Ligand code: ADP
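Before any questions on binding or motion, here is one chain by itself as structure tokens, the form predicted on its own.
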Amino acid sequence: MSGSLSTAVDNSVDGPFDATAEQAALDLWTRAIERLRGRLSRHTFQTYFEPVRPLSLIGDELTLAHSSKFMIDWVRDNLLDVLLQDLEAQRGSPCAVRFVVRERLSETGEEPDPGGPTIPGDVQRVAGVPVRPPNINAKYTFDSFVVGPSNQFAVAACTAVANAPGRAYNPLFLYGGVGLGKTHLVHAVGNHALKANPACHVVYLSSEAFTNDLIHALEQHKMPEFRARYREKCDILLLDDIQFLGNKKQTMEEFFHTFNALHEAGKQIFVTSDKLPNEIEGFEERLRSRFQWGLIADIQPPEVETRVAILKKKAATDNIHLPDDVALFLGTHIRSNVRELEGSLIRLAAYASLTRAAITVELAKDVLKTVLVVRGDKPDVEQIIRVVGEAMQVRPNDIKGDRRQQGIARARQTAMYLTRKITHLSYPAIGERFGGKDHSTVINAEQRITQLMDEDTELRATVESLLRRLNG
């Protein structure tokens, strides 16, 4: 597939303005989404494409903005081919797509007022009436969450917190693997609390956003405002992926005091993580002990019956005709996480819509062949290269070749890392299967990916998802 997609975090408000580049992007994007509107289900279009804002078209690179990194990940993993095909059809040549995450975009897509940036969790008011913070996703509710044995305890704990913030379990620490529904439940708590009390100050953000906000406050000498925002003007603090605070000494210091202030005031604290508190590297002991004050709950991968129920609910929401045998086939063979499960359904439905084909088990086997790795068998090197190439939009021949372009080099390093992890082949044997590379190249690739996984949360999530997929 020609074209590419990259993601960056951009919380800036000011920057160089190029009216020509912006107008070119607007023209191209307007034509593209009009075509996509008629080719995708209404729900898929409104959820993943309608909120996107075109920023610039410079050369062959189209830059788009979206307020949710989660949604960008969905587009990259499941609808990238559809998007790139349509942009190429409009231009008559391949087009690269770059997404920037603008967490401070308002619900209308406009930039914040120059008088002051909107901070995640700020409660805005219209005619004196509180409005849901724009980063609380209204679609993520308890009603839209499929409950099964693997997540029943977690849902019960979250429901109790939503019904009695600060009194049921405080703090609530929810942990589990990527794509199992932690973020959905965090938003569900926020939505439930706001419905019960619209004046409630709910602050939701990722640990990365909390760190960035702290850095901004330090640079602008606005620490009093920072502390007031999270300690005094907050009734419920929802913090996603707290494991990324590890080894960030000053951020942990501020969070520690924020935790104490909120807890003493009877305000609810709800955090998520992919690890238990005692497993988070670089996490201070005094913070670990704080989470023992409340409840630590886990969320496990869903069993096959729950996976099928999730697929059917997603299909009903998106108006996708999903035959029972296809739902059972997908639920049986895709086991890693809910995100991949739903993403596979979206990809299958989009392909069926574009080719005007019926959704069948045979079509699913063909379209999702890189996801449906043979279960029970260890994948070979060719399979690993093919799966990595599909996920990172790099051709297998390029992974085995000598091109040093950054995206290709990163995919090659990732494939080598996963090959070593899964097959336990020797470094020289792996190098030979990657086009006759020297064993030192494989060693460097393994070390580089290991290092980057500690620094780049997006790469880490990609590698972990690929590892789960390949291991079945």
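These figures come from a predicted structure and were not determined experimentally. One-based numbering along the sequence shown.
The next section is about a form of this same protein that is not shown, the form predicted in complex with the named molecule.
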Counting any non-hydrogen atom inside 4.5 Å, which residue from Pro379, Pro277, Gly389, Gly179 sits next to the named molecule in the predicted complex?
Gly179
Here the chain is shown alone; which of Tyr351, Phe244, Phe145, Phe226 has a heavy atom within 4.5 Å of the named molecule in the predicted complex?
Phe145
For the named molecule in the predicted complex, the stretch among 170 to 178, 288 to 296, 191 to 199, 258 to 266 with residues bearing a heavy atom within 4.5 Å is 170 to 178
Does at least one non-hydrogen atom of Ile384 fall within 4.5 angstroms of the named molecule in the predicted complex?
no
Consider His333 of the chain shown here, and say whether it contacts the named molecule in the predicted complex, taking contact as heavy atoms within 4.5 Å.
no
Heavy atom to heavy atom, is Arg339 within 4.5 Å of the named molecule in the predicted complex?
yes
With the cut-off set at 4.5 Å between non-hydrogen atoms, does Tyr140 touch the named molecule in the predicted complex?
yes
Given a 4.5 Å distance limit between heavy atoms, list every residue of 311 to 330 close to the named molecule in the predicted complex, or none if there are none.
Lys314
